[in-house]
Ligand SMILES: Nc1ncnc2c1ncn2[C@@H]1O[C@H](COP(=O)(O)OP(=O)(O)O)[C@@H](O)[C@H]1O
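Given as structure tokens, the chain that follows is alone and in the form predicted alone.
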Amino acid sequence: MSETPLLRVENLKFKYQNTGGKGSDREVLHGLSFTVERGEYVAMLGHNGSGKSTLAKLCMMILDPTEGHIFVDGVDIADPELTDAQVLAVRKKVGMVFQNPDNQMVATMAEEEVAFGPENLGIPSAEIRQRVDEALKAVGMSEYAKKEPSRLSGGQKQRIAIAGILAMHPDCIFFDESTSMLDPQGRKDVMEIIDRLNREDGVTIIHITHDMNEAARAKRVMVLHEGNFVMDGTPEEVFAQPEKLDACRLTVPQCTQVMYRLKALGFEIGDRVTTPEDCAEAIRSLLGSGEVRHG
């Protein structure tokens, strides 16, 4: 018997109710069905307004579905008869890092911020202390434990927000456009943390983004367009369909475009060339083989 998927969504629909008295309710998700297995690293791509953040909020129980089911570790979180104990159990399994870290900051000291989630879960004080120390270390922010979040940079704030989720020991973390407000260094730091959490700790990652280079780092890419999933596969499979991506107002990563052009010129390029690191390594190999001359 196969293991229960960590996340299973069936015929999920959601409408934003029209409260202005004119027009009808606006449906933004149109019957989504998919599963995410434990330990997966999934990028959910889509242009602004495609429904990505709405989907994340539904999975986090911030919004209630208009129709359909969302199962977290086999528990239907859309069931209105869930007990408080069941809701708490689900909240322990799934965490979310938002686009703007300021929206998650509630404390006046970084370590207090990280402790906030475990405290609300009723974790004993001694264990909270240990979790806070471990989480701050995991994101490279131990030396900032006593700092005020308001005095930190955007990238540092986002790392504190991630630490706050890590301290809750979730099985799955949603990152909802969590790098979009950061400078290049802050974005790089956060992406390295995301990669490490999945690779070394086995945390299930669902990274909601419209950045193609970030999506290329995932093992699976799902494309959401106007409330429907229209593509689902490895980065190589998805990025090999530029016309379909263009119809979704997305483009393949620049490094992938470079690789397509080299392949068109007859150079031997491997299949897994989707990130800037992959691209750099492929070009180094070509230079080393003598197929391409320096200068």
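Given the structure is predicted, the values throughout are model-derived calculations rather than measurements. Note that residue numbering begins at 1 and tracks the sequence as displayed.
One more form of this protein should be noted, the form predicted together with the ligand, which is absent from this view; the next part is about it.
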Among the candidate residues V28, V252, L32, M231, which is the single one with a non-hydrogen atom no more than 4.5 Å from the ligand in the model of the complex? V28
Please tell me which of K244, R261, R38, H47 lies within 4.5 Å of the ligand in the model of the complex, judged by heavy atoms. H47
From the candidate stretches 65-73, 233-241, 252-260, 48-56, select the single one in contact with the ligand in the model of the complex, where contact means a heavy atom within 4.5 Å. 48-56
